[in-house]
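In the form predicted on its own, a lone chain appears below as structure tokens.
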């Protein structure tokens, strides 16, 4: 085998894997959006076959031989190719530790579990979903033991979404946030609460859809490459490459703000993915480097931009065009305060910036205990409700508004939730650096996102997975990451809003 021949095979295998992932992604996207309700078993059968093909191609002797040959000849590879080989070998070694039948069975389980979760949520019936969730947690424990038997199983799961992340790091991170957020929230709770009635009324799906497309274009999404659909729980997915990105939202007829910020949040994910350099397409380097860096972008656009005073000033006149007569007698200040109201609530995706991380902490604590064998899945609803009372002071009325509200566990994403809180903190630190190069508020006030998007593209997006999360942070920040920027951002913003 020659170096050139091996390189050709390297790119060919990645392109073929991308094609399989494209097909798998389309099936999953269809299942979550427009597929008829009784078609999960059919999709599951197709996905099990496609997953088996991915497993066989990824772990074949020919593929492994090619990768190991290239790994032994690193000096002949570009940095990009070295990273491809590293990531592919890492994934293959991990995959080969999992028996193929178990791997394929798990993919099929997730399809059925997602379908059951949708039904269970509608019925507010955790018991309907419980057997599938038990299997999901059991499988994650078993796979963790196969892949990294020397490591704590939950640390393994965390590392799947943020390389090197551990419970120890997160315990310190959440402890620091809690120390500052809880006292600030107590001060706010003692004040007269903000009137958020401006967000409620009657807003048709058609009106909200038109507004959604306008928002997508405003923040810089290319609608020729980014599609929009509706689903129970909004998400973003790449289909085959960053050239085909799909975002979803959920319209609530009585509350336009919910969908508005879902679109901007998922739009931030899509900007990151579509911002990958074109020469990374159809390779393992295409797309974001970790879920925490990914969430730093989605939460940056949703909150740091989308809930800023400058954004509200630009958007408010447009609201009157898209929803005629809905805001008579209301002002941009009413709108700004309403979308930044800080109040403990039930639903994570609807939470304000200040309380959001407390929602994530609940999920982190529960996952950690289930993975450690300290909590049984059957007891999750009771413990969920207990922690919501302890952390947020709210009573959970039913499973739909409690333990069943998120789709993540149904999709097997154990260890994902902390990414949201880390992403918030990363985004605030990125903002500190961006302001040295970009007149941030002026750009938003004028509806000109090009300088902001260009900064993110050059510093974060275009690199795809070429660098690790730690390397991205180091390159962008030029200093160790610190939560102080996020804590200061929250403190300054809410002190001004509530006149503390």
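Residue numbers count along the first chain shown, from 1. In this text, all values refer to a predicted model and were calculated from it rather than measured experimentally.
Not on display, but discussed next: the form predicted together with a further copy of the same chain.
Although the partner is absent here, residue 116 lies well away from a further copy of the same chain in the predicted bound form, with no heavy atom inside 4.5 Å. Within this chain, residue 223 lines the site of a further copy of the same chain in the predicted bound form, having a heavy atom no more than 4.5 Å away.
In the predicted bound form, a further copy of the same chain sits within 4.5 Å of a heavy atom of residue 30. a further copy of the same chain in the predicted bound form comes within 4.5 Å of no heavy atom belonging to residue 345. From the list 30 to 38, 63 to 71, 432 to 440, 445 to 453, the contact stretch for a further copy of the same chain in the predicted bound form under a 4.5 Å heavy atom rule is 30 to 38. Though a further copy of the same chain is absent from this view, in the predicted bound form it lies within 4.5 Å of a heavy atom of just one residue from 42, 474, 468, 459, which is 42. Judged against a further copy of the same chain in the predicted bound form with a 4.5 angstroms heavy atom cut-off, the residues 200, 338 and 354 are out of contact without exception. Within 4.5 angstroms of a further copy of the same chain in the predicted bound form, the stretch 235 to 253 places a non-hydrogen atom from each of 239, 240, 241, 243, 244, 245, 246, taken in sequence order.
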